[in-house]
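Okay, here we've got a single chain as structure tokens, the form predicted on its own, with questions on binding and movement later.
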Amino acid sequence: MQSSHLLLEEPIRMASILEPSKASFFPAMTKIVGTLGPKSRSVEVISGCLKAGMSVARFDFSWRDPEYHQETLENLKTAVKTTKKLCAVMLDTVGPELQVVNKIEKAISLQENGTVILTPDEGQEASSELLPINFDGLSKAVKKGDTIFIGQYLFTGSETTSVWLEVSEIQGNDVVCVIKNSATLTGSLFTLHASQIRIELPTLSDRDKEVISSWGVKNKIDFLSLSYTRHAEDVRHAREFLSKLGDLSQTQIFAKIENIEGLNHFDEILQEADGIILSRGNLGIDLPPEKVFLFQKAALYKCNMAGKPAVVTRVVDSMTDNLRPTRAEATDVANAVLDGSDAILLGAETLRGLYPVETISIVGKICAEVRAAIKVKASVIICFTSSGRAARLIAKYRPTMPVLSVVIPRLKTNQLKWSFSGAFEARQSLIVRGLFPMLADPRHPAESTNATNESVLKVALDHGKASGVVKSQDRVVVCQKVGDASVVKIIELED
């Protein structure tokens, strides 16, 4: 039986492993989403992240206010201009996320076999004996014996920074828990996750709607990451909300799968969403660890078949504090690429990690080495598109060569002013594996018979030559529409 998955060349020559990797404009087919935060919000660091390979910037609204994120975004815009690297913007919602409220931000030490009370009384001060939470329905949702995890920026798996609790008793609105491991919680944000428990909160909260309506509209966000998506109806509701917000009707919705409920409704969610984010941090709590990789493989295969981008999270946790990933993490990144993921999402690694630029660079190099180990022809597919759909359909079939998506701007009017579309469509290609967008100059024709008139095709080919993707004698596949017909032709480049 023939496999549809990519196969490594065998045998791989040892000499090729020892050779230095060559730099290229297309360092990897797989894209990198970086979360911007305290350690990665200056123009200098963001510029470094863009040069290292970040193509989508994620803004996590589960912490800090819109003004803080606006400052970061303005720095991103400056960095984009100075580096001339295109970057899309992703807004990540809070959703029904449960959090421990630690207003004075003091470190909290919890000792194994001790007890701690979770209370909805947010006026209380967080301590080793009492943890105030932002949800008054927890006592009704859990029962004795249930498991609760608490950690900074989601459960990390580290027994020193995250704590595992077991519910021992319900006292009115309070939940009494036995501490299963000693840990110290630091910072202002601890996320609380009740394993396999339904939390009766809306997927798109009132605060999320307020942020999207103001910050999202103002900045014309390219992607909305819908946290804790549990049903297809969640996606439909979010799309209906976006459709009423003018420019955001073009914003793509990526459903974030984080719990058992989302897993059970995965197929219908995939049908409704524009893309999927596999949030392995929380999934690793709801699922036994040995089951997470099986879901990852199955989910990525389904996304590939549907032609919808799939994003994998939590790949190099150790780089939050270290300059190099572990060997297991490097292998994990490579396997995610081979499984068919479109993008790798870095969370804490770039948000509060000590080495955001280095992390993006190393993940990009791992992705590129996977590509280099596969039989790749030294040629490119060039696709002329207005909506971006044609290029995404080509990328769906995972060609071994990069797809250069040349977005042709369209002139549109609302009877008051004229404007060109195309920027949205170009940026939204930045999360699709193997797809590299280029915004065409509307003054240039797709092709030209006049040698003095520079065509978009010539600009695209020159771009490919300059980046080393195409060279003399190479064949290039060109896809474009002529009238109502779709035309595919093969060009052989001359010397």
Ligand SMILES: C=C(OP(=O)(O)O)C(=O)O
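No experiment lies behind these values; they were computed from the predicted model shown. Start at 1 with the first residue shown and count on from there.
The protein also exists as the form predicted in complex with this ligand; that form is not presented, and the subsequent description refers to it.
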query	finding
Steric status of site, this ligand superimposed as seen in the predicted bound form, threshold 2.4 angstroms to backbone or C-beta	open
Proximity to this ligand in the predicted bound form (heavy atom, within 4.5 Å), stretch among 274 to 282, 104 to 112, 359 to 367, 208 to 216	274 to 282
One residue of D234, D286, D222, D92 in contact with this ligand, assessed in the predicted bound form (non-hydrogen atom, 4.5 angstroms)	D92
Among the candidates H69, R433, R427, R58, the residue which, in the predicted bound form, approaches this ligand to within 4.5 Å (heavy atoms)	R58
Exercise: K256 in contact with this ligand in the predicted bound form, heavy atom 4.5 Å	yes
Any non-hydrogen atom of D332 within 4.5 angstroms of this ligand in the predicted bound form	no
Proximity of T251 to this ligand in the predicted bound form, heavy atoms at 4.5 Å	no
is_contact(T313, this ligand) in the predicted bound form, heavy atom dist at most 4.5 Å	yes
Interface residues of 94 to 114 toward this ligand, as seen in the predicted bound form [heavy atoms, 4.5 Å]	E97
